[in-house]
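Single chain ahead, written as structure tokens, the form predicted alone.
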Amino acid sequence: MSKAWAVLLVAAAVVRAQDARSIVEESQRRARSGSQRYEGTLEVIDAKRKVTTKRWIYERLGSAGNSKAVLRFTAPAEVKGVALLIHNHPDRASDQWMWTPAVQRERRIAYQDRKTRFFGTDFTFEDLEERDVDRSTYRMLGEEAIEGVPCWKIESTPKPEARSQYTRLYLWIRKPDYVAAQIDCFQRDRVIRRIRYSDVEKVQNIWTARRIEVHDLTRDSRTILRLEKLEYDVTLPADLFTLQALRRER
């Protein structure tokens, strides 16, 4: 192989990687808002197909991995008041604290516990954080349709400082609106969690998936989250996203 040809191959690989990163970056840009609030209904379906329903309220201030968020269960009674405070950072893993009313104290979530399920759902603590595009590297895998919608298929590999439970992710990003359609989460060479996004609607000029289904392939359980009363760019006080506010019953 000639030196010139080798240089061309390297340049082509760089372009493909940049194209993949640019697509993810554009997807994040189009979803950007200064704040977000929604009421979520969750159907949790275990391996025996028993269904339980939970509800939470989610509020976020900031965007693109540099944000603060609180989610608080409102039903059923046995989880009401349980809350999670998340401080997302652009350059490292998030800080998280969980408040449990029954013991009247908050607990900081250790890094090694981020892979555990959040209060009986199929979301892990890590799945609930936001990550900036710069905390992973990207590679274009090709194109593939999800539910009839053409998508780019991209491999995302978390950088070491991201401290992820996942070895890599496969992302399917819809071509028409740059909304994520599916994410396959790997541990080594095995998919352990699949997240599917559907019911895509434009809300305040932001294309948004109103239904998110998380399938834990190890447990064969699923959680279906439906976003209700969704609003972007709502006024939220900064002191809502503090440990003091986390302890307050609402």
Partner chain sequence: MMLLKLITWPYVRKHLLRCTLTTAGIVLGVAVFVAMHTANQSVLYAFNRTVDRIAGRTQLQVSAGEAGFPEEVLEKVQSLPDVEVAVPVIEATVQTGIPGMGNLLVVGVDMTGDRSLRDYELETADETIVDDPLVFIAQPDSIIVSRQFCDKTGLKLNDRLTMQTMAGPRQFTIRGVMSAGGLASAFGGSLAIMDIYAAQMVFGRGRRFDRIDLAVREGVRVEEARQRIQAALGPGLQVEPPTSRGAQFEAMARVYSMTANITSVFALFIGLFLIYNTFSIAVTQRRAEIGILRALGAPRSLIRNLFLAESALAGLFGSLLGIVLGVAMARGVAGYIGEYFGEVYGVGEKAEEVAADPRLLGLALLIGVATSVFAGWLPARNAARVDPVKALQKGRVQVISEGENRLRRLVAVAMLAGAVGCVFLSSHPFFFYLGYMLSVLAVLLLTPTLCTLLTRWLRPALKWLRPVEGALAADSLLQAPRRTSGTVAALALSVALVIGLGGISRASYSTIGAWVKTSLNPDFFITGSETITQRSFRFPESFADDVARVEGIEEVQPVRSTRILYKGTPVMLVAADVEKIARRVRARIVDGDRESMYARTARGEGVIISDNFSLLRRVKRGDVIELAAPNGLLRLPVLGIVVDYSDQQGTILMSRDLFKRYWGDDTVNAMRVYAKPGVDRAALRQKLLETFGSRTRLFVMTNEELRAYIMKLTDQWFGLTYVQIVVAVLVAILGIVNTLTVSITDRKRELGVLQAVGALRNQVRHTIWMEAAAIALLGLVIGFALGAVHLYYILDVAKRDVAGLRLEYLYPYGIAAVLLPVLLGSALFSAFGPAEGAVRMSLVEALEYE
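Remember, predicted model here, so these are calculated numbers, not experimental data. Residue numbers count along the first chain shown, from 1.
Just so you know, the form predicted together with the partner chain exists too; it's not on screen, but the next bit is about it.
- Only one of 29, 219, 202, 211 comes within 4.5 Å of the partner chain in the model of the complex through a heavy atom, and that residue is 219.
- For the options 92, 108, 175, 159, the residue carrying a heavy atom within 4.5 angstroms of the partner chain in the model of the complex is 108.
- With the partner left out here, the partner chain still marks one of 119-127, 137-145, 166-174, 151-159 in the model of the complex; by a 4.5 Å heavy atom cut-off that stretch is 119-127.
- By the criterion of a heavy atom within 4.5 Å, residue 52 is counted among the residues contacting the partner chain in the model of the complex.
- Mapping the unseen interface onto this chain, residue 87 falls outside it, with no heavy atom inside 4.5 Å of the partner chain in the model of the complex.
- Among residues of the shown chain, residue 131 is not one whose heavy atoms approach the partner chain to within 4.5 Å in the model of the complex.
- At the 4.5 Å threshold, heavy atoms of residue 75 stay clear of the partner chain in the model of the complex, well away from it.
- Contacts between 82-106 and the partner chain, taken as any heavy atom within 4.5 Å in the model of the complex, involve 82, 98, 100, 102, 103, 105, 106.
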